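A lone chain, given as structure tokens: the form predicted on its own.
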Amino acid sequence: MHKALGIISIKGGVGKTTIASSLAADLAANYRKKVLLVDANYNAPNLGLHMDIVEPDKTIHHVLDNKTNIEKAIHNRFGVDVIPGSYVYPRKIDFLKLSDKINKIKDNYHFVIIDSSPSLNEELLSTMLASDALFIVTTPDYPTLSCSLRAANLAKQRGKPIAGIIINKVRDPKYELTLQQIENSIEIPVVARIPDDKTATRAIYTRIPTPIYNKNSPFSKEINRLNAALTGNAEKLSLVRRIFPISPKKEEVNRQLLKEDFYTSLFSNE
């Protein structure tokens, strides 16, 4: 099991970096996986702040500029190996080298999670080329959905499989797009539906990944359920669900299909 997963969106503010850091931290803490987390949002990197890396000495920029080996840019936080970005880097770099650099150490990890740029340019393309599969993060509104559709089309043009849609910041379902509307528009299954959770905001303030800050928050629980599918494990059900079985939600069915299809096809050689 040595796979790179790109977390993408072409609209800022959807919580992409929060989700990338949370997936990585939860995989390490609760599934005992070795994870590399990479900041590929080169012009506006802030993954380090989510992982309590404020002033990194070596970054992905130095790696892509051939100023350091990729191993020397790794910082370990919360059980995760992190390669942050440089907030200000004085030289132009070749973003498309990312895939070659990651491939050098990819086999040392169960998962490589790449936090992409929200810009529809070579920065986003570098994440797509370096990833084995992609997750698109969206919020349940029309402007973001249109951006997500463009991201999906670009990924399909590049022949990159999209493992699923992650809907984040669900606030008022009565006035938001439904899961079915989003699936029908993008033609990709929704594999997580995350409520707008103040815990995530508090976690960012403290520079602690949300699943570490509060593993029982609604945000953390949905991240954990998605990671269960990625690792081939059963989802943890609440006591009520165990006593009184009810029909699963659509995203739960999609995660089961993700586990059976994505996990089996990609990770069967572990």
Ligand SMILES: Nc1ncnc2c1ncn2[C@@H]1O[C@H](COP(=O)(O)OP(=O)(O)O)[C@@H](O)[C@H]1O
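Just count from 1 along the sequence shown to find any residue number. Everything numeric in this text was worked out from a predicted model, so none of it was measured.
One more form of this protein should be noted, the form predicted together with the named molecule, which is absent from this view; the next part is about it.
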Assert contact residue (the named molecule, in the model of the complex, non-hydrogen atom within 4.5 Å, options 190, 112, 194, 163) equals 194
Assert contact residue (the named molecule, in the model of the complex, non-hydrogen atom within 4.5 Å, options 82, 155, 182, 200) equals 200
Picking from 96 to 104, 82 to 90, 119 to 127, 163 to 171, which part of the chain touches the named molecule in the model of the complex when contact means heavy atoms within 4.5 Å? 163 to 171
At 4.5 angstroms, heavy atoms only, are 28, 227 and 232 all close to the named molecule in the model of the complex? no
Please tell me whether any heavy atom belonging to residue 13 falls inside 4.5 Å of a heavy atom of the named molecule, as the geometry stands in the model of the complex. yes
So in the model of the complex, is the named molecule close enough to residue 61 to count as touching (4.5 Å, heavy atoms)? no
May I ask you to state whether residue 204 is within 4.5 Å of the named molecule in the model of the complex, using heavy atom distances? yes
Would you classify residue 18 as touching the named molecule in the model of the complex, given a 4.5 Å non-hydrogen atom cut-off? yes
Can you tell me which bits of 212 to 236 touch the named molecule in the model of the complex, meaning any heavy atom within 4.5 Å? 219
